[in-house]
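Starting off, we have a lone chain in the form predicted on its own, written out as structure tokens.
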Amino acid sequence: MINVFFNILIFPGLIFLSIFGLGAEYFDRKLCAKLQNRVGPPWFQPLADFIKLLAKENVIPNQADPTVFTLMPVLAFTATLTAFFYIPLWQTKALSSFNGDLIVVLYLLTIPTLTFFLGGWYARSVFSMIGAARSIIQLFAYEIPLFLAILAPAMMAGTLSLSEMTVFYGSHPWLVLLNLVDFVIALVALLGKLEKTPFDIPEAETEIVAGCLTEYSGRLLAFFRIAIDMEMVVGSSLLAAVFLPFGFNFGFAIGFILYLVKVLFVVALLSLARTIVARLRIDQMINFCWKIVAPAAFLMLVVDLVVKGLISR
């Protein structure tokens, strides 16, 4: 029982994920600054921002629904943390796993976007409601390509368990190369899920202030911000487990280091993408996802099924 509480609250649970999330935010911001020939923030800046927000007062607009407005940041935080427990990190078995946990992880990672929508919509301000509408529209654009890109390797492995997928690809490493296109598709979809440039349409500063988060402040905004940092780590961990399934059989020390390297590698790719590509309009984003990304993901699903059929003969 003590071991379970330690895993959930400390390592690899709440405290570790929170610290790693803040560290990943620093790495993302620093790398992006270097790519733009800027200095970037000091290493403690994400933590300082989080502590500053915790010390500020929560301001709830008079027109907002106080219950929904208050619960959404907590729900986003909880859903992201829960998804982390089903992803293999530095060993083939996740903290909690079963056949079908991949679907649960994808579902849980959808919840934060829904909380952005509900929190912004029930804030009842113009900027918040516009940002909320953009968030939910964008969700329909990237979610199907993301699901297809993740499910294609699962169909190849013949399982919906992330832990079993790492075992399968560990014994068939050459098949990882077949999923490189799916990796790029999932990376693009993850950019949309995290609402990073070029898909930062729901919180475009030059257009709608902070979008659905415009009316949030204090501890509620702090929970949203750290949930976003945690979602970046969880999403990167998911892509690392599915598309970079190596380093699980070298013991804890080497496996843990390789896990950190893989996650930071995915974060670096996200930083590179948001540095070199300008923001798209919402119609451009939808057309790009539905006309290019989704068909490519569906094509790779068919390719994986064909290859699986050839292998199983």
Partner chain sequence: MIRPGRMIKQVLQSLFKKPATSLYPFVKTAMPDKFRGRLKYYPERCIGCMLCMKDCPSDAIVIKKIGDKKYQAEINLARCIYCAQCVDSCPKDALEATKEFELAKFSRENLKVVCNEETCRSSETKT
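Computed from a predicted model, the values in this text were never measured in an experiment. Positions refer to the first chain, counted from 1.
Just so you know, the form predicted in complex with the partner chain exists too; it's not on screen, but the next bit is about it.
Although the partner chain is omitted here, in the predicted bound form all of 34, 272 and 277 have a heavy atom within 4.5 Å of it. The shortest heavy atom separation between residue 38 and the partner chain in the predicted bound form is within 4.5 Å.
You can rule out all but one of 26-34, 53-61, 250-258, 66-74: in the predicted bound form, only 26-34 has residues with a heavy atom within 4.5 Å of the partner chain.
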